[in-house]
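Take a look at this single chain in structure tokens; it is the form predicted on its own.
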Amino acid sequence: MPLPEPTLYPPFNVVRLSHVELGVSDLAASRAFYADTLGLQVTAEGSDYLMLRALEERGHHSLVLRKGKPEAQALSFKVYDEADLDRAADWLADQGRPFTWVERPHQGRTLRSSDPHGVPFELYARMERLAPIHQNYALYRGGRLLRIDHFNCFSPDVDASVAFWSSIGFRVTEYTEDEASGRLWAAWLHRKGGVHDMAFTNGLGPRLHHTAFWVASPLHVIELLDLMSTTGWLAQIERGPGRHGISNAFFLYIRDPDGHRIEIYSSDYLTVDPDHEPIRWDLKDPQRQTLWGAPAPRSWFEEGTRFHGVEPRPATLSAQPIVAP
């Protein structure tokens, strides 16, 4: 199935991904993981919530942890201005997509909707701005996370997911095709000019596969591994370190105390040209997952975070990549 043509003049202008809210069972354990170990900065906290940002971020938060069931509430994206929120509402109405206006702390008007598979997403234009801290090097600790980089979701039909997100201006940079069926098994789409803001992986879905944070150097990934392996977090290391074939990024996948998957990510490439040509990968290529050839564990293909109120469905494509024994 061919890739959809990129929508270079979308109906509204999404700038980039922004933040995600995750339910956690123990706020103290989550604080120890995200703030004390990974190095995210706490920007607000209460008896049942914690808000955090990474070191280069000026927005109030890129991660919200709320005490409750371990699930994801919505994936949030920043649009260019207030008029884009109205354009988004008009477009969603024209497409017959349900939407509502919601109140969110530390940000302005917020529009909530979902894609055709049920992935909940929210759009906003303005968030409370905080003072810059990227040159406050006394704060650099743990993983030294600089900014949120992307979301990856399981999708029961990657072709349909790509068609919807392409229609609102997300552009495909790389994709995995199942040669036998000609269908997409996975795809990476961007708005901000990296390899992806949003990605889809074939599987029981919709579910959140992972949230990724950018670090400046693969050395920070190694340092984080040394820290985690000697401070009681060894069991949270799921996959890596390694270098992806897709995106060329250096990576590490870890799991928080509730099982939410976090990727620590570095060294991908720019994709800002409007005529950027997507890179195709075959599903059975051993260098697709990891340039060095090491396959991912079965948990990476099967486990993910459910979205609140959304019942996942089996994938319509049964093809399977190489899986580690």
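When you see a residue number, it is the position in the sequence shown, counting from 1. Bear in mind the structure is a predicted one, so any value in this text is a computation, not a measurement.
This next part talks about the form predicted in complex with a further copy of the same chain, which is not shown.
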*Determine whether any heavy atom of residue 276 comes within 4.5 Å of a heavy atom of a further copy of the same chain in the predicted complex, and answer yes or no.*
yes
*asked:* Even though the partner isn't displayed, in the predicted complex is residue 74 close enough to a further copy of the same chain, meaning a heavy atom within 4.5 Å?
replied: no
*Hey, in the predicted complex, is residue 250 touching a further copy of the same chain, heavy atoms inside 4.5 Å?*
yes
*Interface membership of residue 58, a further copy of the same chain in the predicted complex, 4.5 Å heavy atom rule*: yes
*Should the three residues 132, 147 and 227 be counted as contacting a further copy of the same chain in the predicted complex, with contact defined as a heavy atom within 4.5 Å for each?*
yes
*Report the stretch among 113-121, 237-245, 98-106, 157-165 that approaches a further copy of the same chain in the predicted complex to within 4.5 Å, counting heavy atoms only.*
237-245
*Which one of 297, 293, 70, 46 is close to a further copy of the same chain in the predicted complex, taking close to mean a heavy atom within 4.5 Å?*
293
_Need the contact residues for 6-45: heavy atom within 4.5 Å of a further copy of the same chain in the predicted complex, sequence order, or none if there are none._
8, 9, 15, 16
